[in-house]
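Consider the single chain below, provided in structure tokens and representing the form predicted alone.
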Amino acid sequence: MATRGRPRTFDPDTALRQALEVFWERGYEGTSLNDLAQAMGIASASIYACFGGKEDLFRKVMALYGTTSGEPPRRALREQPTTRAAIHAMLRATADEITRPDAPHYCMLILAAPTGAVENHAIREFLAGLRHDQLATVKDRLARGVADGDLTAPHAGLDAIARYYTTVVQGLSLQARDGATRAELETVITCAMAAWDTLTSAPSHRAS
């Protein structure tokens, strides 16, 4: 029996990586379906057939980004033996990724977001959800440090510390996009880690 439909003449994995490059360079709103078709070397109809529309393709691209450029900072959080070392390594891995010579100098999760069009609300919420996951991952690593005993339950609170270091990650991306070098980002990381002892100090117990 003959198979129905025409066989694909392109590699979906290669096409997805090409789409990632376009979205990374231009952002979601700045990328048209025609831009994607040209970069991927396939017709718009093939994009719909294989990946869904632009929104579905972008979601798949972000999943790929998370397992490639987004993985080193998460790996640092998982693998470093102490909480302080994990946070420090996460920041350094972030700076490494956003200053690579072969990619745009910013994090897609931070700066590929839509900015205003009403029809892009779902993508804004999708990216906000990914950023919330990033915050939760940092907070979970702090909680693990408390459980492991290398971090005393801090006076500032785990949520506040997680938000602080997540904000540093996001700020590094903005700095890199505006031209900061890897060495300049390292000075920011040094300042951020200088705050560690104060942020993670245990509550003081005053005698009554």
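Each residue number is its position in the shown sequence, starting from 1. None of these values were measured; they are calculated from a predicted model.
The following text describes the form predicted in complex with a further copy of the same chain, which does not appear among the structures shown.
Not one of E97, L142 and V146 places a heavy atom within 4.5 Å of a further copy of the same chain in the predicted complex. Although the partner is absent here, R84 lies within 4.5 Å of a further copy of the same chain in the predicted complex, judged by heavy atoms. Contact between A93 and a further copy of the same chain in the predicted complex is not found at the 4.5 Å heavy atom cutoff. In the predicted complex, R59 stays away from a further copy of the same chain, with no heavy atom inside 4.5 Å.
Contact check for G41: every heavy atom lies farther than 4.5 Å from a further copy of the same chain in the predicted complex. Checking 167-175, 146-154, 65-73, 41-49 against a further copy of the same chain in the predicted complex, the stretch whose residues place heavy atoms within 4.5 Å of it is 167-175. Contacts to a further copy of the same chain in the predicted complex (heavy atom within 4.5 Å) from stretch 160-198: A160, I161, R163, Y164, T166, T167, V168, Q170, G171, L172, L174, Q175, R177, D178, A180, E184, T187, V188, T190, C191, A192, A194, A195, T198.
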